[in-house]
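Presented below, as structure tokens, is a lone chain in the form predicted alone.
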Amino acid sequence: MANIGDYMSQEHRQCDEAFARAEDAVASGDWAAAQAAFEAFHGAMQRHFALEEEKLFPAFEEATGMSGAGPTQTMRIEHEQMRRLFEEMKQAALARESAQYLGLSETLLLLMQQHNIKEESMMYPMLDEALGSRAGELIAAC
């Protein structure tokens, strides 16, 4: 049977790899590559957030009755924090401000690491427990 946690954790790894490519391109001053890599990273993150916010979290909330101040709300708040950093990083890349971009990426990296730990150690196991019978269907929808 498909496992939501495994699927979404793999998504984290793919997003992390895209993040690293963008950061490396900025650090090396290759702004064309940096722009393309950032757009790929940003797109991967937005897709990942959409999978959670539009498919998985609503299904979890419906199955458990936990919404509002529950764990999915915490994840959504952190997604918004990251979205604000994405916008600042995009502006720094457009302005070719490598120090600004790299400082923001350091902040984002810490936030992503903490967020991913919460999801992988708590949220995804909760999703698998609550939605295990629907895991294949939900992953296919992703």
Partner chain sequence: MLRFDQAPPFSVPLRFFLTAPAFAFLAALVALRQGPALFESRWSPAALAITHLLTLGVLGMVMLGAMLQILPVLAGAPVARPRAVAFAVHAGLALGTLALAAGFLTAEPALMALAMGLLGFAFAVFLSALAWALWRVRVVSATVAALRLAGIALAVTVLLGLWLAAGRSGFGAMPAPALRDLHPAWGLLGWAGMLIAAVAAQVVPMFHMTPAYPKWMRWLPFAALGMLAAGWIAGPVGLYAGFAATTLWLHAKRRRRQPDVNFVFWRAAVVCSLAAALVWLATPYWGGQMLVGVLVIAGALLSVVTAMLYKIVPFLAWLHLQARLGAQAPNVRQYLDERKQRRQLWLHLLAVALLAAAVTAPQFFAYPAAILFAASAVQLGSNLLSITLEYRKRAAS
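Positions refer to the first chain, counted from 1. The structure presented is a predicted model; accordingly, all values stated were derived computationally and were not measured.
Beyond the structure shown, there is the form predicted in complex with its partner chain, which is absent from this document and is the topic of what follows.
- Although the partner is absent from this view, residue 63 stays clear of its partner chain in the predicted bound form, with no non-hydrogen atom inside 4.5 angstroms.
- Contact check for residue 20: a heavy atom falls within 4.5 Å of its partner chain in the predicted bound form.
- Its partner chain in the predicted bound form comes within 4.5 Å of a heavy atom belonging to residue 125.
- Although the partner is absent from this view, residue 58 stays clear of its partner chain in the predicted bound form, with no non-hydrogen atom inside 4.5 angstroms.
- Not one of 5, 40 and 48 places a heavy atom within 4.5 Å of its partner chain in the predicted bound form.
- For the candidate set 97, 88, 30, 53, a heavy atom within 4.5 Å of its partner chain in the predicted bound form is found for exactly one residue, namely 88.
- Residues 103, 104, 106, 107, 109, 110, 111, 113, 114, 116, 117, 118 are the ones in 103-118 with at least one heavy atom within 4.5 Å of its partner chain in the predicted bound form, listed in sequence order.
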